[in-house]
Ligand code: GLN
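First, one chain by itself in C-alpha cells, the form predicted alone.
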Amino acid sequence: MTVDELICYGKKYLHKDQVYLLLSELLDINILNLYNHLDDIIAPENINKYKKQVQLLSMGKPIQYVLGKINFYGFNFQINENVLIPRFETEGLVEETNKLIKKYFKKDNLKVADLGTGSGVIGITLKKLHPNFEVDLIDISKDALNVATKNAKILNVDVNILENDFLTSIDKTYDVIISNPPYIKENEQIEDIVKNNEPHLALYAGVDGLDCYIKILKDIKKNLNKKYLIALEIGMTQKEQIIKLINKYLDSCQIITKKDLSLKDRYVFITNCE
C-alpha cells in the first residue's frame, strides 16, 4: 500500500487530522510533507501497525496512548495506560514554579520532590532546566515509576526514584515540593475518554477531591527546608478549600494563586521566601 492508500483507509474511521498525525509519526515525516510522499510504498509491518493504531483510535483510545509518547515542555516523554496523560495545565505548573524558583532561590543545587510523579514529566523537566538540582520522583504506583524510570533514562537525567505514598515515612527535607495530585471528586462527571482510559488512581481523590492535598499538607512541615516553595496544581473550583487547608497545617506562609491559560484557578504556591 502507498501513503495515499493509507490516508484513504484511515479517513474511513478517523478524522483526517488523526490520520495525518499517525502517518507522520509512523513514517517520521513532517505532516506538511506527507503530500510529497503519497506514492511511497509502505513496508508490510508498518501497514499492520498503522491499521492497529487506527482501530484503537476508532474504539476511543486516546491518541497519546496509541502513539505511546507526548511532548511536554519541549521534551519527548513515553507514556502508557499506567500514567496520566500530561496536559498543558501541568506545563503551566512547571512554568510558574520555575519563575518562582528563579525569584526566591539564589543557589542552584536545590532539593526537589515531585509527588505523584506518574510519567515523571514535572520532576524530569525541572531537572533538565536545572541540571544541578537533586530531584526525587515519588509515586505509590510501581507501574508508573517504571515509566518515569524509562523517561529519565531516555532524557539522560540522574534522578532518584522512590516508591512511596507522597511524603509518608520520608524524613528528607526539600527546598521545593511540587505536585499535580489526583483532585477529581469520586462522583464528578468527566469525559468518557478520560474515565475509560486513564488510571483512576491518578484521577480521583475522595468525596470532595481533597484527600491527596490533606495527605500532602498535614505532615509536610517535617519535609521543608528553612526556605521552601510548595507548588500544587488544583481543580478549578478548589482554590478556597485548598487555602483553608494550607492555613490549617502551615503557619506564617505566603499563599500565591494563579490561573491557567483558560483563566481558571489552577495553581497554588506556598512559600516563606520574601
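As the structure is a prediction and not an experimental result, all values here were calculated from the model. All residue numbers refer to positions in the sequence shown, first residue = 1.
Keep in mind the form predicted together with this ligand is missing from the figure; the text below concerns it.
- A heavy atom within 4.5 Å of this ligand in the model of the complex is found for exactly one of 170, 157, 84, 100: 84.
- With this ligand omitted here, the record of contacts in the model of the complex names 121-129 of 121-129, 148-156, 102-110, 188-196, defined by a heavy atom within 4.5 Å.
- Mapping the unseen interface onto this chain, residue 181 counts among the residues with a heavy atom inside 4.5 Å of this ligand in the model of the complex.
- Contacts between 87-102 and this ligand, taken as any heavy atom within 4.5 Å in the model of the complex, involve only 90.
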